[in-house]
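One chain comes next, on its own, written out as structure tokens in the form predicted on its own.
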């Protein structure tokens, strides 16, 4: 494996048990590589296996077969204490910022929680780190002692991002993380993610069904269809010269604005 590869899947399959001893295959013999410092977008229609594949890569789900290689280590069979160091290096930004933040916790405690779980810093240093993280996601110091319900959707997502980067991970997974936001707020969050990726040297797995959003943020695009990878290419090539009919179909579904002359 190339030293530039951060995480890869090798012939990974995942199925779920259904009533009557039947099984639903959610990811079918998928292989892909994600490079250090890149944003790889995972796109496709609902139910194609995008989120399941992401959870397999993060070891939130166990694969039926295949291997997950993280920075040169096969983490497929690791569990418990052996897997714990890798957990720290992979973090997630969820789709709905309102439901992913504990409404009973103040922002300071939400962002500080991963630091305290890992016993990374003392209280004073933790407060300083929380303030630094708030500044990185462009929120004011006054946000520290407020509750999630006191913020807009975009601000809540910034809090979620601050929590995700608190432990300086190598990889963040954004699972439809802007789809619940207004278009203008989406642009702000996407620009924030691009800046953080550059400043912190992050790799980002960006899951979305919105190809216009993907075109803005992704270095490479992986198209999934019916539990398999249909096509993977750098973003420019995929948008200008899609190889597969399914990819052309997805691209044709991107909305366009037509302005009529009313004068």
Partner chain sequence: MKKEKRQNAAADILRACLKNKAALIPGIIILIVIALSVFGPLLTHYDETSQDLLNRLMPPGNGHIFGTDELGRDVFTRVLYGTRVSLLVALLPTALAVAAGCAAGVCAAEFKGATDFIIMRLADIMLSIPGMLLAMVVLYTLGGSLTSVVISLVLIEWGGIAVVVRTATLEIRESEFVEAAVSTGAGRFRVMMRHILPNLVPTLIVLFTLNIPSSILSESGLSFLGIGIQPPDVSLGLMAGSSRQYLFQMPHLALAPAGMIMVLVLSFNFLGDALRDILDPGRRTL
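All values derive from a computational prediction rather than experimental measurement. Residue numbers count along the first chain shown, from 1.
A second form of this protein, the form predicted in complex with its partner chain, is not displayed here; the remarks below concern that form.
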{"item": "Answer range among 66-74, 34-42, 53-61, 221-229 for contact with its partner chain, defined in the model of the complex as heavy atoms within 4.5 Å", "value": "53-61"}
{"item": "Interface membership of residue 78, its partner chain in the model of the complex, 4.5 Å heavy atom rule", "value": "no"}
{"item": "Partner contact for residue 122 in the model of the complex: its partner chain, 4.5 angstroms, heavy atom", "value": "no"}
{"item": "Residue contact check: residue 136 to its partner chain in the model of the complex, 4.5 Å heavy atom", "value": "no"}
{"item": "In the model of the complex, residue 91 touching its partner chain (heavy atom, 4.5 Å)", "value": "yes"}
{"item": "Sequence-ordered residues of 66-86 touching its partner chain in the model of the complex, heavy atom within 4.5 Å", "value": "84"}
